[in-house]
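In structure tokens, the next block holds one chain alone, the form predicted on its own.
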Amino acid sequence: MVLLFIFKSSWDYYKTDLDTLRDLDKAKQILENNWRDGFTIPTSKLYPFQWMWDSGFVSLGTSTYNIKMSLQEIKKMFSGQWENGMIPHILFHSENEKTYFPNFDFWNSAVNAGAPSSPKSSGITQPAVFGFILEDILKNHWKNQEVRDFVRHIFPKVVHYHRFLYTYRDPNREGLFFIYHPWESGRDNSPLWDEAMRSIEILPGSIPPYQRRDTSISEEDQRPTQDKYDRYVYLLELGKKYQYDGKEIAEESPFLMQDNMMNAILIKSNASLIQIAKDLQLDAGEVMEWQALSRSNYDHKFWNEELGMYVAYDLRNEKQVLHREIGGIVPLFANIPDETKASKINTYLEDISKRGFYLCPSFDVDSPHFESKRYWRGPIWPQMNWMVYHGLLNYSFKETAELVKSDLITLIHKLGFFEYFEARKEVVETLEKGYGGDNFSWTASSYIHLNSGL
């Protein structure tokens, strides 16, 4: 009986290892299939261009087995950097692709004189991931002269991007920047933004006519509602009105948020730039000044003791946005909370896991706004688990960290390399696939990087 148990345990372990190796090969094939001329699309049909933080996470995965591909990805993303330093959230390398809305012509980035004529781009940004991504690549390829030279070359461009955030998006000069469009947060239709979005009144003629493409490609109950989309277009038009960087945006926009997650990621990337500068003997004096200011104000602005969580801040209405959600956990990744705050976040995750949920749901499972299937209102996102996993390790919460990692791997093994996943375990048992786009690049790359030690 004992021998039978030992054999079964060994077989289960061996089979799990085989599953991982099989899916590593599949993940690399997905990235190869999604590779275009120097960059990776998130997935065919649904997202046919280059997205900013998608490309960041893709370059993490490819750096573990094809460093040239990784560096090309980053180089291509920075080819669209504006003169003011902004890195757009989408680069339209092909102007013939018509399956996506809003396309380059709708954004009309040319209203800003500093936007490059090629590639065309959107007029907003996304989380500042490239600092910590470059640090990871440099650390793991330190002996590679080509990598060191590349990081030296791209370093001032990343600094310039951070300078954009502190110059154009921080009107109170407190080291905390704002976003004026939910798409910038990366958590597009999170309930975090509902109240502020409802304050936008869509009157006849206030937005131009448009036709969505996403609901014809993906299931409608997994996508943002039409009501939300009208408001997304309204804010896009507002940005366009002020050339996407005017101070008037902060004065007029009804949606003006200091996102705790985006600011935490900026702080993490600042720290990475400071470390890179030390390693390569570069100047990071400006970054150190930004970092000191950001860290001094972060906890005061974003920590909510009653919720035991970091929350967003509504800069327009000068109040915290009182919801628990995945962005409130990411400060662990940036080493922001003290041990007491970090323990509260860890306990929150432990509790969710014990109650029949895979980690980490993107929104509070006890909220009436929780929807386990609709985009950022509840499902699990691979790149978020990647950051939370590393954040938990920062505080030696190894058991929870391994759970965050293994839950994602379990979902991928069972449901495939989809854009995002169901969080309720009982529902997962009834499913054969994940949600959103299939053969998704950041899912593949997150999986590769998490298993890069194999």
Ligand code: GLC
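Here the structure is a predicted model, which means the values were calculated and not measured. When you see a residue number, it is the position in the sequence shown, counting from 1.
Beyond the structure shown, there is the form predicted together with this ligand, which is absent from this document and is the topic of what follows.
Each of Trp51, Trp376 and Trp442 places at least one heavy atom within 4.5 Å of this ligand in the model of the complex. Per the 4.5 Å heavy atom criterion, this ligand in the model of the complex is contacted by stretch 368-376, the sole one of 368-376, 331-339, 111-119, 70-78. A heavy atom within 4.5 Å of this ligand in the model of the complex is found for exactly one of Ser272, Ser294, Gln126, Asn346: Gln126. The single contact residue among Glu97, Asp279, Glu252, Asp188, judged by any heavy atom lying within 4.5 Å of this ligand in the model of the complex, is Asp188. Heavy atoms of Asp407 never reach within 4.5 Å of this ligand in the model of the complex, leaving it off the interface. Proximity of Tyr395 to this ligand in the model of the complex: non-hydrogen atoms within 4.5 Å are absent; the residue sits far from the partner. Shown alone here, Phe418 lies farther than 4.5 Å from this ligand in the model of the complex, counting heavy atoms only. Within 4.5 Å of some heavy atom of this ligand in the model of the complex lies at least one heavy atom of Tyr47.
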